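Quick heads-up: it's one chain on its own, the form predicted alone, in structure tokens.
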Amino acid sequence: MAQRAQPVRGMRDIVPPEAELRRQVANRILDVYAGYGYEVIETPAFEDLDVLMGSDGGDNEKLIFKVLKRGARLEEASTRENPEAGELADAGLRFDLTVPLARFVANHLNDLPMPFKVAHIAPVWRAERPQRGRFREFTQCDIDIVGEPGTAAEVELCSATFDALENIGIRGCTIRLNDRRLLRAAVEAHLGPAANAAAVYITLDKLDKIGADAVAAELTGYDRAGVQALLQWLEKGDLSLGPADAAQDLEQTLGCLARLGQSARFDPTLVRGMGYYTGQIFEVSHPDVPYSLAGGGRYDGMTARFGAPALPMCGFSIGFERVCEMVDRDAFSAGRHKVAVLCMGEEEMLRCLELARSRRDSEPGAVFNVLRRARNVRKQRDDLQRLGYTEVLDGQEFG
């Protein structure tokens, strides 16, 4: 019996030309980030569970794919004779790139320049219920600045993200900003100082998805009038309610972005569900789609969890899957010379391989693909044209 050919439920294969498009989108984004001085890093897909758990990652912590212990440790943990042996899992797949970055910085602190600007494009995993447009594996595209406490970090992150989106052809975006210090002040003013702010943030973050009435229904245990007053504050916003430095920082960031010619505005309804944010938070919206294209914020002190100093940290993440759906595919395939050479036999293929090597040297960036001619040459030509080949030649014509 043949084995199942489809990928695991909630995962997907990326086939050409989609895979090539994604590569080009990532490269154009990274080209912009490199121009700002961001250095590329890589981190493991797996992290210790104690790194991922208790990271204030919001609901994402409930969606961790846990990895079973191996060999003798697994047998020991699962045996009936040793019920106290502990959990069956001690590692998990990362659910974002922010928590692994904090661990990375703490681990390599003595080898990193400070401030440190970092770019990271990689897959993450969340054990969500698969549905249209939502997968259990997807790619995040992050930039972060470590060691810069001032609003220059927020301004640069927003500016670099704006430029990256424009470099892949997405224009007309707006950056919406808020500040967790303002939100905390509003929550405490309306729900009391003993309120579990992190849990409230997670609920408030659903406002645009389920509406004010449903959010109010989820905020059980709080004074109903206070909940309604909090929701009203979110609609109107009041910078005077929070700390003066939070209001000043927001005004400074908005002013700098305006001088840079980038559209940005204060949005008191912006919450973001992660519990680790400590200051300004931001998202990028676009009039053509109902969801954000990028999001991030300041999360100072996360490195202290790993025994390092509590460094200032701020980051912005582009929703890579979402922007890949929005880009103009023709703009990424236009202008590149791609030639396929179809040969009748091995002797002709070997001759054309030599010629193709010479043509690649004389035309950098061009593609010369030497292939054996298929029986169904019409389908072969159609497939090659679908992959963006501008010329399909017979081997005898190639020279």
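Model, not experiment: these values are computed from the prediction. Numbers for residues come from their place in the sequence shown, where the first is 1. We call the rigid core whatever largest set of C-alpha positions still superposes within 1.5 Å between the two forms.
One more form of this protein, predicted in complex with another copy of the chain, exists but is not displayed; see below.
- Residue contact check for Tyr222: none of its heavy atoms lie within 4.5 Å of another copy of the chain in the predicted complex.
- Residue contact with another copy of the chain in the predicted complex: Gln380 places a heavy atom within 4.5 Å of it.
- Taking the partner from elsewhere, Tyr276 is found to have every heavy atom lying beyond 4.5 Å of another copy of the chain in the predicted complex.
- Another copy of the chain is not drawn, but in the predicted complex it has a heavy atom within 4.5 Å of Met114.
- Residue heavy atoms within 4.5 Å of another copy of the chain in the predicted complex occur in exactly one stretch of 155 to 163, 208 to 216, 170 to 178, 265 to 273, and that stretch is 155 to 163.
- The listed set Ala127, Ala198, Ala229, Met326 contains one residue whose heavy atoms approach another copy of the chain in the predicted complex to within 4.5 Å, identified as Ala127.
- Only one of the listed residues (Thr203, Asn107, Ser292, Gln140) places a non-hydrogen atom within 4.5 angstroms of another copy of the chain in the predicted complex, and that residue is Asn107.
- In sequence order, Ala366, Val367, Phe368, Asn369, Val370, Leu371, Arg372, Ala374, Lys379, Gln380, Asp383, Arg386, Leu387, Tyr389 are the residues of 363 to 399 having a heavy atom within 4.5 Å of another copy of the chain in the predicted complex; the partner itself is omitted from this view.
- Ile64 shows a C-alpha shift below 2 Å between the shown form and the other one [criterion: core-superposed Cα displacement of 2 Å].
- Comparing the forms between the shown form and the other one, the C-alpha position of Val377 differs by 2 angstroms or more, with the core used for superposition.
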